[in-house]
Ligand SMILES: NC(=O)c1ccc[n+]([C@@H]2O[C@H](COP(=O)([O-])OP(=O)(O)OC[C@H]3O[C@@H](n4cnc5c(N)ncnc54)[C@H](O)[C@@H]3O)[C@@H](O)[C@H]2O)c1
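A single chain comes next, written as structure tokens; it is the form predicted alone.
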């Protein structure tokens, strides 16, 4: 079955639109909705029959739309997702897919009531390096995860924050924890399991915005692994990195920002005599589609009843929002936060001050 997709927002939505156009057997870009029609036209340039519009209501009401792809500023995600589900559409939701644990519960209820699906966007897991790590984990060669170190060291300045919603609690709903590191944090949880207790220090040392631009975070995963995450927008240049130490090997990613799973990863066996086994698994693992191409291919597979590779689900999206909540709670209250958070937690309904 082929699905008509309406992309809302021509920022990161441009990348979504390009991938949709590149998978014509599975998708058709039916609408591109943005307040700037010139920007919308550029985003939809690979789909000449796409309807360009500024009218969100018309998109949500259109019977020709099967999937609403939300690439809007974060504070709009929840309301639009609920409206799309109630209009009988499936939903793709860019990060952060909602703004609180309470909203994740309401989304889950709407999914159940409408029998439609919500696909949170976590594209970092689609790439040859990460596929190789998953193959090593599935083979048993990786063993038990002990420690994972994450770096999100990017360079941002006044041009990036010129958009009035960025760097604000009202518009972006958070800072680098939410907008820069959420994908690599999800990758760590995909490897070691969801966070169970969190310590975090956040600051605004680089830009002086309302929201944090620098962070030092640590958490214990359900597998027992300890994860550390260093985040800043004050670096010289942009680099993301993941280094994971298992009982059987150590894995180190590339340092490509946005495309961490694509570059060459290294896998070093703890026992040198088993390095050839590790190398054999790596060499036998197919590259597969990368980033959004892999993600959208998995959505098509899921909706058509075929096996997907490792499509993120609502449970993972909720875990991601739980980790974000715990990070902000730990910094604000100055203490370690244990997960899962109860519904009477003071930040269950959101982390904005």
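Numbering follows the first chain given and starts at 1. On a predicted model such as this, the values are computed, not experimentally measured, just so you know.
Another form exists, predicted together with this ligand; not displayed. Remarks below refer to it.
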Exercise. Could you work out which of 187, 91, 121, 227 is the residue within 4.5 angstroms of this ligand in the model of the complex, going by heavy atoms?
Key: 121
Self-check item: Contact residue in the model of the complex, chosen from 76, 135, 239, 245 - any heavy atom within 4.5 Å of this ligand
Solution: 76
Exercise. Just one of 42-50, 297-305, 66-74, 312-320 has residues with a heavy atom within 4.5 Å of this ligand in the model of the complex, so point it out.
Key: 66-74
Exercise. Considering only heavy atoms, tell me if residue 146 and this ligand come within 4.5 Å of each other in the model of the complex.
Key: no
Quiz item: Looking at the partner-bound form in the model of the complex, is residue 24 within 4.5 Å of this ligand by any heavy atom?
Solution: no
Quiz item: Hey, in the model of the complex, does residue 58 get a heavy atom within 4.5 angstroms of this ligand?
Solution: no
Self-check item: Distance check, residue 183 to this ligand in the model of the complex, heavy atom within 4.5 Å
Solution: yes
